[in-house]
Structure formats: structure tokens, C-alpha cells
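Consider the single chain below, provided in C-alpha cells and representing the form predicted on its own.
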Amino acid sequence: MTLPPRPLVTKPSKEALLMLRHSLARLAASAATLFAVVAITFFLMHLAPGGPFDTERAIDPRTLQHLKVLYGLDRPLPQQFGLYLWGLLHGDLGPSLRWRDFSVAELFARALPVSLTLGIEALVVALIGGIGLGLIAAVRRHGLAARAVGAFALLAIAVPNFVIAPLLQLVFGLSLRALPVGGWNEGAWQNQVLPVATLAVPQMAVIARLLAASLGDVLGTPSIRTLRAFGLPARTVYAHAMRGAFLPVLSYLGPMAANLLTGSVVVETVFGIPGIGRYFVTAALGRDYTLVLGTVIIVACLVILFNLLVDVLYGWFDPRVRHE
């Protein structure tokens, strides 16, 4: 009598276990980093001179005291911090102290999609354009194309956003009258072109320079020369070279993506876009503690999230990271 075959149980490979341990370690470090960011921002905001109810005309002391009691600002700072953390654990970012008819979550529900839309579009444009220009500069290292890409990258990095934005408005809005110079218009594509270009051009230049330098070094390594000696097609050679050359770009993608997705204060202000960047400036000037903290938390979460994703992808691209 033959016994039925036992079901095959696949055990996780050593590489998968190393990858899991690497991801869990980064996740624990990210949680500690987020707590530190929240704590530091909370106490610095409350210790700064001025308050959310300071106006040009002095408020009646009894009214001021009533407002402090209403928003819990009359309690000791450690107790306020504990209550704020308790609210965060329940997904409550608190009420806005400046826009008193709205909570911070309600303001973000209106502003964050606008910033995310611009950020995602700028990220895609920067990646596609930067990788394309970097490949051109690396393949034609000593040609005119590489010099043109280098000059463009240097100029795009050197000129700040608050100069690029008015120049684009002047050329495409006022001179050519091809695109609107500002406004959101419920997300019409014409209103997004100039802000996206302003956000994407400097990041595109950085990616192009990083990829061109890294790919140029990788193409000169013995392993790539061996592949060429075996007569492999150029497409295959560049595909192998890109895996190693993309690591510096991958390291830069974390902070770049978080910066683009949370919007730019300058770009949103110049083009009159209702994103979280404009709310942050107004909240910081008006000592709107909860709105500033909410903005910092959103930005910190995105930075931590994208850096975590970059760490995981880095371990996939480079096995040495997993083993370390």
C-alpha cells in the first residue's frame, strides 16, 4: 500500500528572510524618526514667541483665556503633547486655530489632492526626462549632446524656482499667451503645465547628472567590457549597466518624491495654487500650531515612506545591503 504524497511546503529562502529583516528594521527606525519629528516640532512651535490669537488689536483678557481653554492651550505643555499624540493615534489632527470653522483634516482634504496631482506629474516628467538626458550624456560622453545636457543641467540647478516660475509666466503667459499665468481652474491641464514644468526642470537636471556620471563609470568596469567582448547587443549591455548605475538616482528619489508630492511653497504661491504649501506659510506666520504640525507630519510621513521604499528597492538592486 503506497502512502499519498506529502504536500510540498516551500520554505522561505535566505534572500527573502534577509529582505524581510531589512524591511522590518527600517520600519522600526522610521517609527522612531516620526515620533522625534512630531515631538521636536510640537515643542518648538509652542516655545516660539507669539501665539495663534495675537492680533494687531489686543483681545480682551477674558476672551483670550476662554479661547485658550477652548483649544486646550491653558494646560501644561507635556499634557498638551500627550493629548495631541492620543488624537494622532485616532487619526485626529485637531482643529485649525486660524480657520476656526475647519479642522486640519478638512483643510488637507481640499489642499492635499492639488499638491499630490502636481507632484505626481512633476515626478513622472522629471524621471522620464532625467533618465533620457542622462542616457544621452552617458552614451555620447565626449560629444556635443553631452555638453548640451551638462549645460542645461547646470543652468537648471543654479536657477531657483522663484526665478524659473516668473520667466515661464512671462514667456508662455504674457508674451505668447499660450498658457494661463496662474490659478487652478479645477485642475485644468492648461493651468498645470507651467507649475509642473517649474517643479520638474531642476529635478530632471539632477537626475540627468547623477545618471550620466554613474552610468559612465559603470560602462568602464571590467564586467561591462566582458559583456561587450562576448558580442552582446548594445541594448543588453546597457540594461545590465543600468541596474548598477541607477543606485545613486534611487537614493535621490526618496527626498525628491516627498518634496514634489507635498508641493512647493514658492510654486504654489507664485501660480496661486491652493495646495498645502500655501496653508503652511499662512499657518506658520499665524502660529496655527495644529496646521503646522499636520503639515510637518504629512511631509515627514511621505519622506519616511519614500525613503523606506528606496531602502527596500536598494536592497533588491544591491544584495550587499541585505547581507549587511
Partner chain sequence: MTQMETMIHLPADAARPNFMKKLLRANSAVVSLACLGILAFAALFGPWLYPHPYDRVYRDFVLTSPSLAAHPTKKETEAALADFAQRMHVVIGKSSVRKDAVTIELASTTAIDERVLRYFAHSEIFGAAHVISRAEDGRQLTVAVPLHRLVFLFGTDTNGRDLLARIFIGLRISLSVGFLAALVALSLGVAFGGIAGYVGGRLDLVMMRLVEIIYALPFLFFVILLTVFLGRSFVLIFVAIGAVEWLDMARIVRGQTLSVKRRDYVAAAEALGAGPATIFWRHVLPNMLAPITAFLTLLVPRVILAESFVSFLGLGVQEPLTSLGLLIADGARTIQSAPFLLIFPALVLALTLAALNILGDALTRAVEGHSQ
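Positions refer to the first chain, counted from 1. Since the model is a prediction, treat every value here as computed from it, not as a measurement.
The form predicted together with its partner chain exists for this protein as well; it is not shown, and the discussion that follows is about that form.
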- Message: Give me the residue from Pro166, Gly94, Pro248, Gly132 that has a heavy atom within 4.5 Å of its partner chain in the model of the complex.
- Response: Pro166
- Just one of Val159, Ile120, Leu85, Ala148 has a heavy atom within 4.5 Å of its partner chain in the model of the complex. Which one? Val159
- Item | Which of 188 to 196, 71 to 79, 112 to 120, 170 to 178 lines the interface with its partner chain in the model of the complex (heavy atom within 4.5 Å) | 170 to 178
- Message: If we define contact as a non-hydrogen atom of the residue within 4.5 angstroms of the partner, is Thr33 a contact of its partner chain in the model of the complex?
- Response: yes
- Query: How about Pro49: is it within 4.5 Å of its partner chain in the model of the complex, going by heavy atoms?
  - Reply: yes
- Message: I'd like to check something about Leu154: if you look in the model of the complex, is any of its heavy atoms closer than or equal to 4.5 Å to a heavy atom of its partner chain?
- Response: yes
- Heavy atom of Val270 within 4.5 Å of its partner chain in the model of the complex: yes
- Query: Would its partner chain be touched by all three of Arg100, Phe102 and Val104 in the model of the complex, meaning a heavy atom each within 4.5 Å?
  - Reply: no
